[in-house]
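Okay, here we've got a single chain as structure tokens, the form predicted on its own, with questions on binding and movement later.
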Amino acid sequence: MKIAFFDSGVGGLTVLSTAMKEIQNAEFIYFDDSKNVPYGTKSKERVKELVMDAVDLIASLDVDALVIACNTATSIAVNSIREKYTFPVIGMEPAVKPAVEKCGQKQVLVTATPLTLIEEKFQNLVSRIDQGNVVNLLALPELVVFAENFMFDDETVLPYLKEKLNPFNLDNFGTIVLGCTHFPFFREHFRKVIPEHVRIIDGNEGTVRHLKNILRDKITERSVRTEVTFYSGGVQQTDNLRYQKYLDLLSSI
């Protein structure tokens, strides 16, 4: 069974890592569009064009399923991808529903890219779920830039998070949603700048559960060596610097 994960850059590795822990007998493909990352600050039209071009290449690899491991790409292109291809396509969305359901009397802060937060699909999600007007939105585009440049040091990340979170009285919040697949790389950085009672959640586990349900009949119990093949911009990656950094990131998650 061959499962592809697509993201603009390294963010989807956080989803792939979760899948590798839950699905043991599969061949995984990780396909990024690092030449055009980030997506979250581009126009909707440009992102859709880039995503469809990338999925055309992924489809040529004869995959059994595709995970769009990018909230921005999902919000813009998932319906068009499903219309074009017959293999299962699993998308991502910020974990607004579980955050709101468990917030009690507290506020919820959804962090994501600028494009995800203004997209109609996300706005409809919030309108449907946020009956108590507890959801607040915060764009954190620089976290994508940090991740793509493998900048995870406290000296770089913490001042940025403190500045962006400063307008919010976090004592009133119960949950922060990491609504971009790049953001879980910074979970421990968030933990250092927010109150202890504030939960941090993302949509990765829910996405992988959905993937397993979709592929239930294809998942086998027999022992098959789990493999990961990396593609960047359509080119298979082996034994180069980016490939090694991807392996390092996977092992660190």
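Position 1 is the first residue in the sequence shown; the rest follow in order. These figures come from a predicted structure and were not determined experimentally.
Heads up, the form predicted together with D-glutamic acid isn't pictured, but that's what we're talking about next.
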>> When the contact criterion is heavy atoms within 4.5 Å, does Val108 count as touching D-glutamic acid in the model of the complex?
In response: no
> in the model of the complex, does Gly40 have a heavy atom within 4.5 Å of D-glutamic acid?
Replying inline: yes
>> in the model of the complex, is there a heavy atom of D-glutamic acid that lies within 4.5 Å of any heavy atom of Ala99, even though the partner is absent here?
In response: no
> Quick one: is Thr116 in contact with D-glutamic acid in the model of the complex, heavy atoms, 4.5 Å cut-off?
Replying inline: yes
>> Each of Cys70, Val144 and Cys180 having a non-hydrogen atom within 4.5 Å of D-glutamic acid in the model of the complex: is that the case here?
In response: yes
> Which one of these stretches, 70-78, 151-159, 168-176, 119-127, sits within 4.5 Å of D-glutamic acid in the model of the complex when only heavy atoms are counted?
Replying inline: 70-78
